[in-house]
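A single chain comes next, written as structure tokens; it is the form predicted on its own.
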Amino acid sequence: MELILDNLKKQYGDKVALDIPQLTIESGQLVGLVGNNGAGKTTMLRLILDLIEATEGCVLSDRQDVAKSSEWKSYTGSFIDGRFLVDFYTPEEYFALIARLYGISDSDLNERLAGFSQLMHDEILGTKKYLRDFSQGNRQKVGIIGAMLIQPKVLLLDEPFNYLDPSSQIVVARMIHQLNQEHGVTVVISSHNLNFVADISTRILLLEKGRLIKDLPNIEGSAIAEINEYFSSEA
């Protein structure tokens, strides 16, 4: 599924949070968003998901304006932060809710959850705990699994490696890459972890103060040197 940002601008008073005249994310690309805090990464993801209203312009998902159509929701998986979770649910209840919303049968749900066993490490299911009582790392895992559970055609993740231990970071990176390579899912991830972004992304977008300043193809990690040089100069 193709994503198009057309004259997209988000402004809070006099402060411009995002200003992208034109950007096309082609179907099947795995795009890494990088930039310092306040660069506009999360703002971009929230605009793509129609969580905030654009000051100008629009986002098109499969040529449909996300602010005017709801069709894109059926094929878009996302996890931005813990507010996406339902804290008074157990993980089982949360996953069952997603299954009901997306028409996933009980048998398919169980089969799909089994595919995430390496990430869950027997720490998610069967604990009889509410999501609010989980560690930040395990809450992060539940959110990511929930986003992938629907077998999306578009996947948006904001800082997916946050709070995760090193082995879980590797598992999540592998899962994201596998979704993209084996199933052609269009993926956009925002992350401060430059190594993981460079390892799995096919394209890297560098944002600064709400503007796109570098758009780099990333063939076998070829963009990492230029990205590292930029952040070294900013230090």
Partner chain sequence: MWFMQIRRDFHWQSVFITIYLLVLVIVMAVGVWAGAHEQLERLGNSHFFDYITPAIAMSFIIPDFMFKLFWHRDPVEMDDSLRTRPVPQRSWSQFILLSQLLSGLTWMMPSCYIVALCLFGVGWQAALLSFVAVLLVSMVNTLVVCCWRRAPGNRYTLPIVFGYLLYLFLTGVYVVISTAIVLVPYLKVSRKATAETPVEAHVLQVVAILLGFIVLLLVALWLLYTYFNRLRNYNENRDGGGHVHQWGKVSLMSIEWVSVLRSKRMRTSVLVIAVVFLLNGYLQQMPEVFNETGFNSMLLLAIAFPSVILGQWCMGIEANYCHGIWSRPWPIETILRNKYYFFVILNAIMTMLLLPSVFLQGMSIFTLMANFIGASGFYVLLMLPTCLFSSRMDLFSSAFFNYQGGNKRLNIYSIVILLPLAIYFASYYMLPSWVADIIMASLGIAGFLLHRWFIGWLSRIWVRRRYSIMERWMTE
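Positions refer to the first chain, counted from 1. Quantities reported herein were computed from a predicted structural model and do not represent experimental measurements.
What comes next is about the form predicted in complex with the partner chain, which is not displayed.
With a 4.5 Å cutoff on heavy atoms, residue 101 counts as touching the partner chain in the model of the complex. Not displayed here, the partner chain is kept clear of residue 138 by more than 4.5 Å at the level of heavy atoms in the model of the complex. The closest non-hydrogen atom of residue 113 lies beyond 4.5 Å of the partner chain in the model of the complex. Shown alone here, residue 123 lies farther than 4.5 Å from the partner chain in the model of the complex, counting heavy atoms only. For the partner chain in the model of the complex, the listed stretch (30-38, 65-73, 204-212, 191-199) containing residues with heavy atoms inside 4.5 Å is 65-73. None of 60, 179, 171, 49 but one reaches within 4.5 angstroms of the partner chain in the model of the complex through a heavy atom, and that residue is 49.
Within 4.5 Å of the partner chain in the model of the complex, a heavy atom is found for all three of 12, 81 and 87.
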